[in-house]
Ligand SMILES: NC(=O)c1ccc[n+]([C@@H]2O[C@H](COP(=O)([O-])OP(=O)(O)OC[C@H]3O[C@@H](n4cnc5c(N)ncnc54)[C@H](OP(=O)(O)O)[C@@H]3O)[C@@H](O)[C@H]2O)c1
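Taking the form predicted alone, here's one chain by itself in structure tokens.
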Amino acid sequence: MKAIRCKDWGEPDDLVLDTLPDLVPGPGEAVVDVKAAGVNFPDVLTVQGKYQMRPDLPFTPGNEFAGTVRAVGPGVTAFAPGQAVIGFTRTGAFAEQALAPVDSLLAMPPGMDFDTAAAITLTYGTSYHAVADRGALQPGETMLVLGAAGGVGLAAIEIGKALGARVIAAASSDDKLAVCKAHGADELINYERQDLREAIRAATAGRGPDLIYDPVGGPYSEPALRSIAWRGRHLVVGFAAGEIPRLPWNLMLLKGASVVGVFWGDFTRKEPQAHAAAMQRLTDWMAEGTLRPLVSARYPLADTARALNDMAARKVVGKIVIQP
């Protein structure tokens, strides 16, 4: 089988396309023929050796995929060869075949295509865990989404609207904001040409957002936090801007606010039943048409480096996928 391999820490252009032996499942495992693999910002950090968790070298990057079961290991009865599934694994998705524990697989809902299925696990899973669980967003509250046109940002917008909130989308261009509007955002802020604090004040009549969804970090976190409502919650989802902000703690004191960490990967491992319930709700919403993942570009396996470079350069709107 063909697979993208990371043989040393570096940039996406250092990745190589290799031929490897076909995968063989062990007890409690399945091998899946990958039809589509989702690309996420942590994939860039992982190949650079900058992510929270470092795989052993060499490895195949990518952790989110959809495809058909090729083979199952001893004792596996929940899935059978030929079945369409959605999967999540720590590494291995950017390949023609992926190996995963069967408890990390979900049956694909009827009528869902592979590209869409590969685009929901990490982005929608992260955003649901952040917004509904860690942020406890309530109907009638206001949520500000930074980096709103990215995969997790659009997911947060849709989930916020499904929960009955008013959503303010902040992004770096009017084109990106038009996509946010199409996915349900009520108010739009272009933080490349608007003062973020002033725009938030105007959009909330001076009250501030109850919940801030922040996958960006860098220069945007502090002005957003300074604008938060009394008893507001600031969700720390990631640092796509490349810089981990150093926030003055007195801001939380003055607003009675909370800064809340969101680490979906460990949530799935430490609270598997809660994760399963969340994924069930998400797939139900998708079947109803409440959630509409946007897959904006598709890349062949040989162009994985280009896909990761586009992600790193913040050129991506919604989700992009690799098609082995």
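Keep in mind that this is a model prediction, so the values were computed, not measured. Heads up: residue numbers just count along the shown sequence, starting at 1.
Keep in mind that the form predicted together with the named molecule is not shown, yet the notes after this line are about it.
- Highlighted residues G160, I228 and G232: none comes within 4.5 Å of the named molecule in the predicted bound form, counting any heavy atom.
- In the predicted bound form, the named molecule lies within 4.5 Å of some heavy atom of G150.
- The named molecule in the predicted bound form comes within 4.5 Å of no heavy atom belonging to A278.
- Although the partner is absent here, L45 lies within 4.5 Å of the named molecule in the predicted bound form, judged by heavy atoms.
- At a distance threshold of 4.5 angstroms between non-hydrogen atoms, G135 is out of contact with the named molecule in the predicted bound form.
- A single residue from the set L122, I200, A117, M143 has any heavy atom within 4.5 angstroms of the named molecule in the predicted bound form; that residue is L122.
- For the options L106, V72, A100, A241, the residue carrying a heavy atom within 4.5 angstroms of the named molecule in the predicted bound form is A241.
- Between 30-38, 53-61, 290-298, 261-269, the stretch whose residues reach within 4.5 angstroms of the named molecule in the predicted bound form through a non-hydrogen atom is 261-269.
- Scanning 97-115 for heavy atoms within 4.5 Å of the named molecule in the predicted bound form gives no residues at all.
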